[in-house]
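Below you'll find only one chain, the form predicted alone, shown as structure tokens.
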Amino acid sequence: MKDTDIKRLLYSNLLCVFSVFLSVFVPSLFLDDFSILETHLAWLCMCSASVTGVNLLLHLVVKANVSSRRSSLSHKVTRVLKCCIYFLLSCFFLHIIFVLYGAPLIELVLETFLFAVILSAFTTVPCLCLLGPNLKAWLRVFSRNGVTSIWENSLQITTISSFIGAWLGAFPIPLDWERPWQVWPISCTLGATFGYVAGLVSSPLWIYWNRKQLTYKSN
């Protein structure tokens, strides 16, 4: 494992962190009264678009994944369509999971779905960029000792930390503190965002700290 690879990973992850900050500060320059709490739905859309755009840009520039042998135009179009379908399925699947765990079934449907969208942007989009629409590769990466590169290791850490952050964000909702950020799904989206950022920052540091012990088997 080369230190230059870890540096590339760190810079890429910091760019993803920067995309989150862009979604907070850039819209406030053009929209009056824009804030995470007051205009939460607008921020969810901005953050999801910003994170997705940066991940796609990194996928095109860095190309951390192994290039496919099939490079025909029809194959590329099919791959893009599959990725779009996977992303939409991920949003609907997470929406159903949230409802099963207690989210309002009829009320606040848009809020719940946009929460699913931003969590998919934190988890599904990086998986699609790195692994493509390949469920076998997804299962391999998220199984024990299944990663084959530092990029997959970082993806594993960031995805898990995003879900953990979203789960921890649900704890303050039933408490009677009467805080504005306790309204569904604000605390959950903030928890997912903090978990995503924490995973992006910590994963390169963890990989660097354990670089002598980490060994990756080839695909």
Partner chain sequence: MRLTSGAFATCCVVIEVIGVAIFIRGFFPAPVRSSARPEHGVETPAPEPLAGASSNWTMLPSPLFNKVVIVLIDALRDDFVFGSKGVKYMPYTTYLVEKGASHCFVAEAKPPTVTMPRIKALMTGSLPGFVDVIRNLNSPVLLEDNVIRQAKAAGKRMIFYGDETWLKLFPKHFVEYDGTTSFFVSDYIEVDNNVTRHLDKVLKRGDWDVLILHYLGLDHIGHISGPNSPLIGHKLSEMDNILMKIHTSLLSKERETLSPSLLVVCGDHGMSETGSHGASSTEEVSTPLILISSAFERKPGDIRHPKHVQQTDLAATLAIGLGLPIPKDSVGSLLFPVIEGKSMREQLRILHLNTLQLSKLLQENVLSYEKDPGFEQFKMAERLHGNWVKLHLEENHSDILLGLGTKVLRQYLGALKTLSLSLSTQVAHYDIYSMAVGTVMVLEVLTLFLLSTPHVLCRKAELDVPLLSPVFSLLFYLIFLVLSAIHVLVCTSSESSCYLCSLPWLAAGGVMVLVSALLCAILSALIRMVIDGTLLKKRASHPSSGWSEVDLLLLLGTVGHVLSLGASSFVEEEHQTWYFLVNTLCLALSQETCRSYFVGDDCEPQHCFHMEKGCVDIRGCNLQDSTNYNTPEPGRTGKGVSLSEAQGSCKWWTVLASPWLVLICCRLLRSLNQTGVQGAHRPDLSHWLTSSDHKVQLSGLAALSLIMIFILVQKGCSPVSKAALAMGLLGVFCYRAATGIVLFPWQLDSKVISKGIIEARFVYVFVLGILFTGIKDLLKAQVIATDFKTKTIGLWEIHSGLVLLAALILRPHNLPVLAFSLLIQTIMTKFIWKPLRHDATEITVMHYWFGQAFFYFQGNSNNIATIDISAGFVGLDTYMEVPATLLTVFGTYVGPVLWASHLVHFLSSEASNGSALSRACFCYALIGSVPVATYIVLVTSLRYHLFIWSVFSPKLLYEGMHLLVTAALCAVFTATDHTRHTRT
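Residue numbers count along the first chain shown, from 1. In this text the structure is predicted, and so the values were computed from the model without any measurement.
Absent from the display: the form predicted in complex with its partner chain. The rest refers to it.
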Contact residue in the predicted bound form, from Leu190, Leu56, Ala42, Ile173 (heavy atom within 4.5 Å of its partner chain):
Ile173
Using a 4.5 Å heavy atom cut-off, which residue among Cys84, Leu110, Leu73, Ile97 comes into contact with its partner chain in the predicted bound form?
Ile97
Given the stretches 111-119, 139-147, 76-84, 125-133, which is the single one in contact with its partner chain in the predicted bound form, using a heavy atom cutoff of 4.5 Å?
139-147
Is Phe92 a contact residue for its partner chain in the predicted bound form, using a 4.5 Å heavy atom cut-off?
no
Can you work out whether Trp167 and its partner chain are in contact in the predicted bound form, taking contact to mean some heavy atom pair no more than 4.5 Å apart?
yes
Would Asp32 count as touching its partner chain in the predicted bound form under a 4.5 Å heavy atom rule?
no
Can you tell me which residues in 78-117 come within 4.5 angstroms of its partner chain in the predicted bound form, by heavy atoms?
Phe93, Ile97, Val99, Leu100, Tyr101, Gly102, Ala103, Pro104, Leu105
